[in-house]
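The chain below stands alone and is given as structure tokens, in the form predicted alone.
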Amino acid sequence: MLRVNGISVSYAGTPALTDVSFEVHEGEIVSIVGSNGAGKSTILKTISGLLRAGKGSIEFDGEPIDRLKPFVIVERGLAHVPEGRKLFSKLNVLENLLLGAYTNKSPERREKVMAEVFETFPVLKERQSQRAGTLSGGEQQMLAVGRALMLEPKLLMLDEPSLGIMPLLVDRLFEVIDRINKSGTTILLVEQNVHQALELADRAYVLQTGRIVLEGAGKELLESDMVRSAFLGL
């Protein structure tokens, strides 16, 4: 479904990613883990067209997307939930969700998808008239994911979804991500919570200083000496 081929990205001449390659197959959860500053968010921004790779290529559903504008990439079925959520804080929950559905021209379809989002996140239905900026951190993350789901994406990219969320809610969030995947949405997950991300993933990649240094099945990487030492403190 998604193929990233040897991309390199720099900020003002300073390398952020170097020759990064990986694949995401339809129906999978693929995690990219690494420490803060390793380049994880840069990967997602490059895939979604917010950044341009100086080298390499990106294919989605067999077609190149690395020179397309972000809104065209979204229309192809790729949704990106950015780090920090980036909600429209002065708009209410319902308005944020409707903005997520801008590619869907059918009112009936929008209503059906919104009902599914409300079923996944009941608190959003309760708070649909509340301004997004007044929600708790966990509720804002639910809204950010719900807004992306309104696009009915083929591939959902999540950037640090557990960041800023109370520990009690983190387990529930990962359960929801698993449920979204089982309902038919392929997921690319970038996450500092290495244990949770690898436990959930079908396959995973470890990123260090802008390079992929390890890959494999998620649960296998949990047993890797490198991962246990570098990320799990074992």
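None of these values were measured; they are calculated from a predicted model. Start at 1 and count along the sequence shown; that's the residue number.
Form predicted together with a small molecule: not shown, discussed below.
For this session: Only one of Ile212, Leu222, Ala16, Val24 comes within 4.5 Å of the small molecule in the predicted complex by heavy atoms, so just point that one out.
Result: Flagged contact: Ala16.
Exercise. Taking 4.5 angstroms as the cut-off for heavy atoms, does Leu200 touch the small molecule in the predicted complex?
Worked result: Close contact is absent here: in the predicted complex, Leu200 is far from the small molecule, nothing within 4.5 Å, heavy atoms only.
Exercise. Contact between Thr186 and the small molecule in the predicted complex at 4.5 Å, heavy atoms?
Worked result: So Thr186 does not count as contacting the small molecule.
Exercise. Using 4.5 Å between non-hydrogen atoms, is Glu139 touching the small molecule in the predicted complex?
Worked result: Contact with the small molecule, no.
For this session: Classify Gly37 as contacting or not contacting the small molecule in the predicted complex by the rule of any non-hydrogen atom within 4.5 angstroms, answering yes or no.
Result: Although the small molecule is absent here, Gly37 would touch it in the predicted complex, with heavy atoms inside 4.5 Å.
For this session: Heavy atoms, 4.5 Å, the small molecule in the predicted complex: which of 55-63, 164-172, 178-186, 37-45 makes the cut? Say which one.
Result: It is 37-45 that comes within 4.5 Å of the partner.
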